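A single chain, nothing else alongside it, follows as structure tokens in the form predicted on its own.
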């Protein structure tokens, strides 16, 4: 078996272990067992569990970036693109076992590494939104504003509309979410063309 294949085998096994058991409960022994390699093989590629975890996060982040790039249509308005990207990323996040396990571990045990992993993933989403806000400002679709502040507000509002609100009432459908998103943001941010 080639060296690259073993490395990929270890990464795949680690992703499975972190998804099943979380950060805290994953051990190098478990990863070795799932990968069907000796523990020494893991240390050939990764010096510790933290480095292995970072590699898994890096892979997930690349997947998220690919999803976002795939959803952007430069011929469409900013808010339509933003809605599509957020829908796709939040769907990916809700279906990806690693996100679910890290969120659960953070809630139940307060594991710092789980929080750091979730923070890294949120940071990628925020920087992406920030770049898109800057782009829209450049096109005159969005009023001049601080893209960093706006990106945080947009993401938090979207999370509230798509999940947090579900604890208080019936879930909103996609059209209602889009309508409220536009009500709260677009009508205040959208640059009126004359």
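Please read these numbers as outputs of a predicted model, since none were measured by experiment. Numbering follows the first chain given and starts at 1.
Omitted here: the form predicted in complex with the DNA. The next part is about that form.
*Asks:* Classify residue 182 as contacting or not contacting the DNA in the predicted complex by the rule of any non-hydrogen atom within 4.5 angstroms, answering yes or no.
*Replies:* Close contact is absent here: in the predicted complex, residue 182 is far from the DNA, nothing within 4.5 Å, heavy atoms only.
*Asks:* So in the predicted complex, does residue 66 come within 4.5 Å of the DNA, heavy atom to heavy atom?
*Replies:* It does not: once the DNA is placed as it appears in the predicted complex, residue 66 has no heavy atom within 4.5 Å of it.
*Asks:* Please check if residue 138 has a heavy atom lying within 4.5 Å of any heavy atom of the DNA in the predicted complex.
*Replies:* No - in the predicted complex, heavy atoms of residue 138 and the DNA never come within 4.5 Å of each other.
*Asks:* Residue 178 near the DNA in the predicted complex, any heavy atom under 4.5 Å?
*Replies:* No, residue 178 stays farther than 4.5 Å from the DNA in the predicted complex.
*Asks:* Out of 57 to 65, 144 to 152, 44 to 52, 124 to 132, where are the residues with a heavy atom within 4.5 Å of the DNA in the predicted complex?
*Replies:* Residues of 44 to 52 come within 4.5 Å of the partner.
*Asks:* Looking in the predicted complex, is the DNA within 4.5 angstroms of a heavy atom from every one of 6, 26 and 37?
*Replies:* Yes: 6, 26 and 37 each sit within 4.5 Å of the DNA in the predicted complex.
*Asks:* Using a 4.5 Å heavy atom cutoff, which residues in 147 to 180 contact the DNA in the predicted complex? It's fine if the answer is none.
*Replies:* Sequence-ordered list is empty.
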